[in-house]
Ligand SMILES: Cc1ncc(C[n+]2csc(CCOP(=O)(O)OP(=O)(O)O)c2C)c(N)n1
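Read the single chain below, which is given as structure tokens and is the form predicted alone.
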Amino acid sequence: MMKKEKVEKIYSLMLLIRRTEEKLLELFSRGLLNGTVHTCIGQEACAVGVMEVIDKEIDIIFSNHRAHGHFLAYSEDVYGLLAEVIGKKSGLCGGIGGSQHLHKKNFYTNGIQGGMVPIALGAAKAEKFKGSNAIVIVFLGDGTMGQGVVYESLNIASLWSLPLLFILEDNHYAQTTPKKLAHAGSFCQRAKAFDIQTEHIKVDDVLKLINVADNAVRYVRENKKPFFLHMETYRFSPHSKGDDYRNAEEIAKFKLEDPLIKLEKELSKEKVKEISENIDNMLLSILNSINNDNEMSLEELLILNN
């Protein structure tokens, strides 16, 4: 049984990610963001569950265009993320990387479909060459399983016995294309074809996911071999900011299994209210701080220079 304090921490982090993502969508609708934004609303448990069990001091993480949740679960640096996507110099990458190009310590993202997979492969090769105890984690989506470079990377990771954890966040859609219209067969079977150990989990319980992720991380670290973890999840928000063509009844059905709401039931109403208010106040304070600094945003600089 997980301690109450740990459950509170996990719930707080999941709620922080969701509220931040909701705030980003609001800011985008008001024209206040620099570039695009892809949220992970509904998928927070995936990020928190994995980051809970890695070694943040040495492990290396590669994410993709839907990276905010991974980044916040890794660093909890809300200010750096918001300042970056708003276009401020105080952002993670000076306000020019935007939503899809984030970097802090051993955390890296890129918006190219499947583009981070071979880079993660190279990092895993480097760690093996150095003889370190670090592992590399790469997050990819079900749409990325249509990219040939993913299979080349699976092959080499197995062939060279590299400490690389492939994490497939399967949210059932590649933009608006349903998985069933794009992929035949089993994702896990595809990895098994390269003699890679696999596991599939339906992500509706973050506490269960933490145990599964911990086993996967331990396997990669102890055996210095790749592992493929297929996490079946669901995003409640659109692919990006535009229209959502999914059936409303389908979304409503998945919301009944929302991992955040399920975990909320483990806490008292008073504690949930306290955590929620603290997060809202923190986001407001951070945005006020960003808005009150004297730096010009990228958009302001462009207007000035024109």
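The structure displayed is predicted, hence computed values, not measured ones. Numbers follow the displayed sequence, beginning with 1.
This protein has a second form, the form predicted together with the ligand, left out of what is shown; the following refers to that one.
> Although the partner isn't part of this model, could you tell me whether K271 comes within 4.5 Å of the ligand in the predicted bound form, counting any heavy atom of the residue?
K271: no, not in contact with the ligand in the predicted bound form.
> So, in the predicted bound form, is A126 in contact with the ligand at a 4.5 angstroms heavy atom limit?
No - in the predicted bound form, heavy atoms of A126 and the ligand never come within 4.5 Å of each other.
> Tell me, yes or no, whether N171 is in contact with the ligand in the predicted bound form, where a contact means a heavy atom of each within 4.5 Å.
Because a heavy atom of N171 falls inside 4.5 Å of the ligand in the predicted bound form, the answer is yes.
> Looking in the predicted bound form, any heavy atom of Q197 within 4.5 Å of the ligand?
No, Q197 stays farther than 4.5 Å from the ligand in the predicted bound form.
> Within 4.5 Å, heavy atoms only, which of S90, T144, S75, N106 is in contact with the ligand in the predicted bound form?
Comparing distances to the ligand in the predicted bound form, the residue within 4.5 Å is T144.
> Looking at 158 to 166, 222 to 230, 201 to 209, 110 to 118, which one sits within 4.5 Å of the ligand in the predicted bound form if you count heavy atoms only?
That would be stretch 110 to 118.
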